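Just one chain is shown here, as structure tokens, and it is the form predicted alone.
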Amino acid sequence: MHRVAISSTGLFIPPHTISNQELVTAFNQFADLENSRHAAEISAGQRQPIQPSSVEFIEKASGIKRRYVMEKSGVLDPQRMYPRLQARPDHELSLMAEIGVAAARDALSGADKTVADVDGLICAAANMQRAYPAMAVEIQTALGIKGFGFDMNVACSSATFGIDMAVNAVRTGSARAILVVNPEITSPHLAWRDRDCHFIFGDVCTATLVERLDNAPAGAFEVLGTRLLTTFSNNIRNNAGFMSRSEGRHPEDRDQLFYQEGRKVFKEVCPMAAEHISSHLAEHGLSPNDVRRYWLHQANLGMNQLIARKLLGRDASAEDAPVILDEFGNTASAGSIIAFHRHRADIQAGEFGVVCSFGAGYSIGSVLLRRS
């Protein structure tokens, strides 16, 4: 059995940003149009008016201040309120594959490796652009990796679950190195017309290079262990799928996009995540205060603060649990990897860190690391 490390990570940032103020302006214009269109029903008490959004509401509810997106004009058009993405012919590289290739190359460069050093690629994301052929195989082929690729989806825990799969493949010797790529194009599945969630998601792509520790560069992070947990819940859901057409569903039906019971998610997931992490640490003879840094899933600032408080017994600082969702928004499975990518350089040899994600499923994945 081989010792395993995360050698590097890569990051692709989309070309456009949407500030909270831009988003609020567009949403409130949409709300005014809809309320005017249905004024008679609203006046008769048959329909509830759409309430306006505000920058203060968004930041208090989430901690998000802006988000990156692949396309913004459609999102900010009050007559449309979703991105304008262009279909590509089959012979061209798919959009998810394009950003996956970019993030993967960034990760390879960070470890001074080439595709010849990699034996496989896992595309792990909350939403796939299509059912088949696998996005992973398209990314793998575009990079020129000789080996295998497959897709996996565990919603916002996809990245950590993918890392677990990669670690096991490298540890057992079936691969020297695996790239785990997370192309999260979340803007098309967000309900931009829903005040309760119109601000949540942003687009991004991350990549993680997992390889044998003895092949890894100095300063790599050894993977001491991974831990996964799932338990079924309907509190975060998206019902869109290949059967929607056969069920006579309309693409505009509300449940064909992301929806959640936010208060229930907060109440149920926070203690689950804290218990998951503390139990994982205990398996390795560690306590939460032995960990230098927690790179947590970036869904909601309040959730991260509560989880860290439960772990540490005090309010966490930016040193303990850095936050990137103010800049990126919720980027599904990529969030904890962005936090790790941006906030790991100061970790000293021998210090511990935990990457943890949690999301729909429910699903929770944690990766215990030690700087080599």
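Residues carry their position along the shown sequence, with the first being 1. Since the model is a prediction, treat every value here as computed from it, not as a measurement.
As for the form predicted in complex with a small molecule, it is not shown, yet the points below apply to it.
Enquirer: Only one of Arg195, Arg80, His284, Arg212 gets a heavy atom within 4.5 Å of the small molecule in the predicted bound form. Which one?
Expert: The residue in contact is Arg195.
Enquirer: Answer with one of Thr186, Gln140, Thr208, Thr160: the residue that has a non-hydrogen atom within 4.5 Å of the small molecule in the predicted bound form.
Expert: If I apply the 4.5 Å criterion carefully, the residue I get is Thr186.
Enquirer: With the small molecule left out here, work out from 166 to 174, 196 to 204, 132 to 140, 84 to 92 which stretch has heavy atoms within 4.5 Å of it in the predicted bound form.
Expert: Of the stretches listed, the one contacting the partner is 196 to 204.
Enquirer: Using heavy atoms and a 4.5 Å limit, would one call Val323 a contact residue for the small molecule in the predicted bound form?
Expert: Contact check for Val323: no, nothing within 4.5 Å of the small molecule in the predicted bound form.
Enquirer: Taking the small molecule as it sits in the predicted bound form, is Phe266 near enough to touch it, meaning that at least one heavy atom pair lies within 4.5 angstroms?
Expert: Flag for Phe266 set to yes.
Enquirer: Looking at the partner-bound form in the predicted bound form, is Pro49 within 4.5 Å of the small molecule by any heavy atom?
Expert: Although the small molecule is absent here, Pro49 would stay clear of it in the predicted bound form, with no heavy atoms inside 4.5 Å.
Enquirer: Hey, in the predicted bound form, is Ala316 touching the small molecule, heavy atoms inside 4.5 Å?
Expert: No, Ala316 is distant from the partner.
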